[in-house]
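First, one chain by itself in structure tokens, the form predicted alone.
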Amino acid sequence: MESRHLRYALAVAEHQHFGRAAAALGIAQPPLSQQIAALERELGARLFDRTARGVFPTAAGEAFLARARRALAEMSAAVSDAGRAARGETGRLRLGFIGSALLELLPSVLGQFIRDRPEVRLGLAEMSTRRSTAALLAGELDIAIGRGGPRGAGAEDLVSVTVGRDHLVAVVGAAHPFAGQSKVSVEQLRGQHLIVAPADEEPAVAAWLTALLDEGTEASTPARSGGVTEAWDAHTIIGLASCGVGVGLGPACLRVAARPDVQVCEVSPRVELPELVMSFRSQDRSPVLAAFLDITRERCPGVAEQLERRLGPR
């Protein structure tokens, strides 16, 4: 029994006539009659009563046709579902990201992805660059977004592309001595109480900050005599700066989340931060991942060229 036999039987039941059913199916009447007769022999039951008034399902025929309708509907749904999955319209995407990616990158890329593919199940987790890289290598994530490229064992199995560049800015409250300045110098930062992301979340930034503030200081003098407060996200850095705790340091995209009671100052000389990098496993052939990468190509300048160098033309 094939799917066409189910369609033939349903057409005969709908038109109640072999000739009209054959015309609707686009076949001749004799082959249709022969196929229905062969189906009845296979089932061991008569499906239709042939009368002068027309062709009508028997009790066995009604039972068979009910199942046939559901079977054809399931087959059609299976074809549709397979196509949608192949196009990345369904499935799962697990994304790990640092908090600052939520300020500019993810509202653009992830926002468009959700609008285009609302049925994809998302697993989202804010985590440090180090943690997201480890989770990606362990198969617990599909994409990791962090500062700087992945390092360590297994990094060679990842594809990493730059999705953003940024530089350092300082955030101060309205009552801070730096308020009113468009720029603050590195020398001015030395000795200030600083509000920064934890070293575990931004190791590259933390290493730079230590080197920057240690530069030119006496060995016996604490470079950061004002102390350090760690804050996990941009809103916390800004909030603590507004309270007068100290000077917040972070990427320039902090301006997106800035409040009226703080001022964002450029740091002089300009300090480029490690690039914002998106990574995924090179052997991952998921259509959902491919769909996410397509949107990233469109939204992030230079990503298309980077991916072509790493993966070849689409």
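The first residue of the sequence shown is number 1, and the count goes up from there. In this text, all values refer to a predicted model and were calculated from it rather than measured experimentally.
The following text describes the form predicted in complex with another copy of the chain, which does not appear among the structures shown.
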Can you check 273-281, 251-259, 53-61, 26-34 and let me know which stretch has heavy atoms within 4.5 Å of another copy of the chain in the predicted complex?
53-61
Contact test in the predicted complex: D81 vs another copy of the chain, heavy atoms, 4.5 Å:
yes
Another copy of the chain contact at R67 in the predicted complex, heavy atom, 4.5 Å
yes
Counting only non-hydrogen atoms and a 4.5 angstroms cut-off, does A77 reach another copy of the chain in the predicted complex?
yes
Determine whether any heavy atom of M1 comes within 4.5 Å of a heavy atom of another copy of the chain in the predicted complex, and answer yes or no.
yes
Identify, from the list C243, V186, A86, L122, the residue with a heavy atom within 4.5 Å of another copy of the chain in the predicted complex.
A86
Should the three residues L93, L137 and L158 be counted as contacting another copy of the chain in the predicted complex, with contact defined as a heavy atom within 4.5 Å for each?
no
